[in-house]
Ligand code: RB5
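This document opens with one chain alone, in structure tokens, the form predicted on its own.
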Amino acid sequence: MRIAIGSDHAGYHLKVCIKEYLEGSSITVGDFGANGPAEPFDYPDAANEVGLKVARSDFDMGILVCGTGIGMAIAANKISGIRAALAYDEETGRLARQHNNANILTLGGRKTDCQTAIRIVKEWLSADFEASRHLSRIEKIRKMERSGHACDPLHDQPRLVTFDHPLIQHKVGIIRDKHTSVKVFRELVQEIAGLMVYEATRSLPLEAVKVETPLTTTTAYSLSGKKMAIVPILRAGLGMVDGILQLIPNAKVGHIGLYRDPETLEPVEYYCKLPGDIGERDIIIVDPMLATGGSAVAAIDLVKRRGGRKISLLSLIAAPEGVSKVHEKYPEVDIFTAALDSHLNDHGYIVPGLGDAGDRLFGTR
């Protein structure tokens, strides 16, 4: 488990106490905010940093400490996807998870001693979300966020998510190797795409449904009517589609064909076929390499002109230049990648990269 913990100056000592307990429990901890109790540190700054890291799945959960815990809760809850709860005893810590599925716990450094705080944290971490009647209430909060009545940090701060899961990183290492065969390369690209979309869709809303097991009737969960579309950029993007469809078999698939004009070096459309209800779907544009960003921006342009609204970009490897170009024009588009590499060379190839993904997928190198 990965936990981001942050504080202002008033919560510093309690933060240190909780951090020592978490690290002693073999939990990975990211420390943010105040570096000591003497120099003033504003609680909204710590709440913003920790909240964004949890919202972007850089960390699984977060803990925030200020003088009373109230300011941290208010500030963190301005971030879309965050459910921050102030706890002052073990019961409120437990219920914050069981009923509210709180992904950030806030505490008061001036109101809670170290041992009490540790007991609260233990209860919060060990509790499970009970869902059931609470699930519909959490979904109402999500709808409030999506409606625009709650603050969405992605409108102000573009989101780039780099997946560091060991399985993803292991497989990326193999496809980088120039000696990897076409067969293995193709299989691994599909596997990585599947692993990445598994992580990228963790915030999809659920609804409770009744099912009958061989023993009894119970409550289970189903995706809440979410429609999705996968749109590969031809030709290399095709290599990622099957891996994604194994996890989301009901997704519709569009196709975008682009080539680079030899004179202007700008992408030119030669094919575009999208689902007729593209405006109603969550769209994932896929391309193994996000290099200059030209093709990605052109693909997003095409999708938006045809009514697409909620768009994400999924690439195995990205260059900073491509990320900047996409977010300069479309800051609302989330970019998911398995590796953010160093730079582009003079020929527009990502370094260290893996070469031409299309050639390696289809054996034309």
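For the two forms, the rigid core is made up of the largest set of C-alpha atoms that agree within 1.5 Å on superposition. What you see is a predicted model, and the numbers here were worked out from it, not measured in a lab. One-based numbering along the sequence shown.
The form predicted in complex with D-ribose (RB5) is left out here; the points below concern that form.
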Quiz item: Thinking of D-ribose (RB5) in the predicted complex, which stretch from 166-174, 204-212, 183-191, 70-78 has heavy atoms inside 4.5 Å of it?
Solution: 70-78
Quiz item: Any chance H9 has a heavy atom within 4.5 Å of D-ribose (RB5) in the predicted complex?
Solution: yes
Self-check item: C66: touches D-ribose (RB5) in the predicted complex, heavy atom cutoff 4.5 angstroms
Solution: yes
Quiz item: Hey, in the predicted complex, is R110 touching D-ribose (RB5), heavy atoms inside 4.5 Å?
Solution: yes
Quiz item: Does anything in 21-57 come within 4.5 Å of D-ribose (RB5) in the predicted complex by heavy atoms, and if so which residues, in order?
Solution: Y43
Quiz item: Relative to the superposed rigid core, does the CA atom of I244 travel 2 Å or more between the shown form and the other one?
Solution: no
Quiz item: Relative to the superposed rigid core, does the CA atom of G67 travel 2 Å or more between the shown form and the other one?
Solution: yes
Exercise. Take the rigid core as the frame of reference and indicate whether the C-alpha of E332 shifts by 2 Å or more between the shown form and the other one.
Key: no
